[in-house]
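In structure tokens, one chain follows: the form predicted on its own.
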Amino acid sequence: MSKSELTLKFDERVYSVETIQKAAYRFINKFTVDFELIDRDILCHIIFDSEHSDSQLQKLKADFKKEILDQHLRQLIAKETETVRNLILSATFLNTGLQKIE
């Protein structure tokens, strides 16, 4: 076992930096990520906080990739449902009586 680092490469046409940053934040208790942009690639230099076996590193790598996909899909769904959410919020606040209609 040794403290390890690894680098993952993502195409920015597929995932945004924001998406990868959100995923990285979910793993803040296990590793840190330094980001580097080269052409259309987002390089993630992952530095693990503690020692891990190779199988543990592969598991963390897989979990990180799954989290990136999850965050990406969350952003897509949020974008697709933004209008509906705003309408629901508007209707909710309209029915509270908190606003004075003149």
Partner chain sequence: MSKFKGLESYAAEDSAYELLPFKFDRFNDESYIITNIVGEYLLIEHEDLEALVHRKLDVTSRLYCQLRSKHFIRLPKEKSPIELLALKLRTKLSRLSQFTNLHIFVVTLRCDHSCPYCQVSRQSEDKSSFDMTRDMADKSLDFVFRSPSPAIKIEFQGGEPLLNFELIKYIVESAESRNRVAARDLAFVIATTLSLINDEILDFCKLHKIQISTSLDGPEALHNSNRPKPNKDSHQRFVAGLEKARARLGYDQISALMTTTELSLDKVKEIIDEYLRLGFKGVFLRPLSPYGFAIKTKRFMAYNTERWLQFYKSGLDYIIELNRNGVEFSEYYSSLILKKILSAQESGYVDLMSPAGIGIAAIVFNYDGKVYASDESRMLAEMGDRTFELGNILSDSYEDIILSDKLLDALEESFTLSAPMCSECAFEPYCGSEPVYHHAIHKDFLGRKPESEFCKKNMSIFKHLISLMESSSDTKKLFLGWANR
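Numbering follows the first chain given and starts at 1. The structure displayed is predicted, hence computed values, not measured ones.
What follows is about the form predicted in complex with the partner chain, which we do not show.
Handout entry: Candidate from 61, 45, 52, 26 lying within 4.5 Å of the partner chain in the predicted complex - any heavy atom
Key = So the residue touching the partner chain in the predicted complex, by this definition, is 26.
Exercise for the section: Run the contact test on 9, 11 and 14 with a 4.5 Å heavy atom cut-off to the partner chain in the predicted complex and return yes or no. Expected result: Not a single listed residue reaches the partner chain in the predicted complex, so no.
Practice task
Mark residue 40 yes when one of its heavy atoms lies within 4.5 Å of a heavy atom of the partner chain in the predicted complex, and no otherwise.
Solution key: It does not: once the partner chain is placed as it appears in the predicted complex, residue 40 has no heavy atom within 4.5 Å of it.
Exercise for the section: Residue by residue through 44-82, tell me which have a non-hydrogen atom within 4.5 angstroms of the partner chain in the predicted complex. Expected result: Stretch hits, in order: 66, 70, 71, 73, 74, 76, 77, 80, 81.
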